[in-house]
Structures are given as C-alpha cells and as structure tokens.
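What follows is one chain in structure tokens, specifically the form predicted alone.
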C-alpha cells in the first residue's frame, strides 16, 4: 500500500490541527546537525521517505542524541542504511518527546461503514488492555469527547506520578483533526498515530503513517 513519508504525514495532520513535534527534514549529516542545534538537544533522528513504513523494525531510528557530533554520526549511518527500494530519503530530526503515558489514534475506512476514527491506550499496554473505541465520521467535538469518556482506563487520563491530567481538549483536537482529514482527503485509506505520547498533559503524535489509495 502506498504511504506518505513521516514528514509529509505529519505536515498533513498539522494542517488539520493534530499536534506534532517541530521537526526538520535534512539531506545530509551536516544539515541534520544544524537542524538539531536549532531544535535543541536531545533529539531523535529517523530515516524518512515515502517507502519507509516500518523504520523501527529496520533500526532506522536513533534516540536521545545529545550533541551535534552524535547527530551527524547517526544521520550518516541512517543514510548509509537506505536501499534503492526506499526511494528518495532524508533524515527527520525532532525533539525527544517524553511522557509516562502513550495513546494510539487513527483513521480507517471500513468497507461497510466508511471512515472511522479510533482512539485507544497505547504503548506496552495496547494488547494487554485492548482498550480501544471507534466512531464514524463525521465527528463533532462532543462525539470526540464521548470517545475519550468511553475509554475504560480512565485512571491513565488523570494526574499521574507528577504529570498533569491529559488535556482533553487537545485530545479532542486530534480526533476531530483525523475526521477532518477523512472528509477532505478521500484518497487516504488509513492513518496511524502510534505512539501519541502525553507530554506535560498534551498528546503529541511522535510517529505518523498515512496510507493512500
């Protein structure tokens, strides 16, 4: 299935109000180091291209890079790992986003019901809890708020170990943003935001994969 690059996926989502990190796409190790210095350390570097749907499985993500030399070395290794099948690639440099809680969200087009927005508990608890809810598009803000209320693991959404409660209005922004993409872009088959890290209460899509028809 064709996919957008992570950079293009996030740009699309940001246009519809989904919070994403401030990132930069670099063409070389030197450009990557400059971008990292501008963003602020520590950073994450990923090989980025339209043909790269599963970067983690291929070892194409470098985390917690703390200076320009480390970023340049990581970028060189990432670019060297690209294959001809990957097509045009670059290095996506972004801030390390941290938080105790991870959610997942996405969009699917069901053959019978049409586009549906999904929200669930993510991270290591995804399969163990199976705490996931769906709603059909169109989706109002009230519908999105109900999706959040319908999650069974409400304790994860409140204050947790010194972190503030999840900002439900920002999470509503994510869900209605996904619905807006579905309405505006009929050629998009699915969207996967995994993980959606809750950082200082705000859900941030640190990875995004958009599949097209």
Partner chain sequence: MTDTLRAEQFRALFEPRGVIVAGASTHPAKFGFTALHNIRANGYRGRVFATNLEGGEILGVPVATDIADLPDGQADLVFVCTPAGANESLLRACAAKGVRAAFVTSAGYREAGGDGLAAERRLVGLADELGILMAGPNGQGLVSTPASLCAQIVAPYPPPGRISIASQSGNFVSSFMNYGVQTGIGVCRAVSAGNAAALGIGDLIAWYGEDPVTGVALAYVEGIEDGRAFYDQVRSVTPHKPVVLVKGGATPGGQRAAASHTGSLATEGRVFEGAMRQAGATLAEGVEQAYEVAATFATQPLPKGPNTVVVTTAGGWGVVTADAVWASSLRLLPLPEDLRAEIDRRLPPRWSRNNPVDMAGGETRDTIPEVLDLVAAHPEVDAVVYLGLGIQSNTARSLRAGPFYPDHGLERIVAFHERQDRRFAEAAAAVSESSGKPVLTATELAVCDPANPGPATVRDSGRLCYPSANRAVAALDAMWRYARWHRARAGEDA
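These numbers were taken from a predicted model, which means no experiment stands behind them. Positions refer to the first chain, counted from 1.
The discussion below concerns the form predicted together with its partner chain, not included here.
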Worksheet item: So in the predicted complex, does any heavy atom of residue 95 sit within 4.5 Å of its partner chain?
Response: no
Discussion item. With the partner left out here, check for me: in the predicted complex, does some heavy atom of residue 87 sit within 4.5 Å of its partner chain?
Written reply: no
Worksheet item: Does its partner chain get within 4.5 angstroms of any non-hydrogen atom of residue 105 in the predicted complex?
Response: yes
Discussion item. Given that its partner chain is not shown alongside this chain, does residue 139 nevertheless sit within 4.5 Å of it in the predicted complex, heavy atom to heavy atom?
Written reply: yes
Worksheet item: Does the trio 67, 199 and 207 actually contact its partner chain in the predicted complex, every residue with a heavy atom within 4.5 Å?
Response: no
Worksheet entry | Option touching its partner chain, based on a heavy atom within 4.5 Å in the predicted complex, out of 82, 76, 132, 100 | 132
Worksheet entry | Partner contacts in the predicted complex for 187-210 (non-hydrogen atom within 4.5 angstroms of its partner chain) | 190, 191, 192, 194
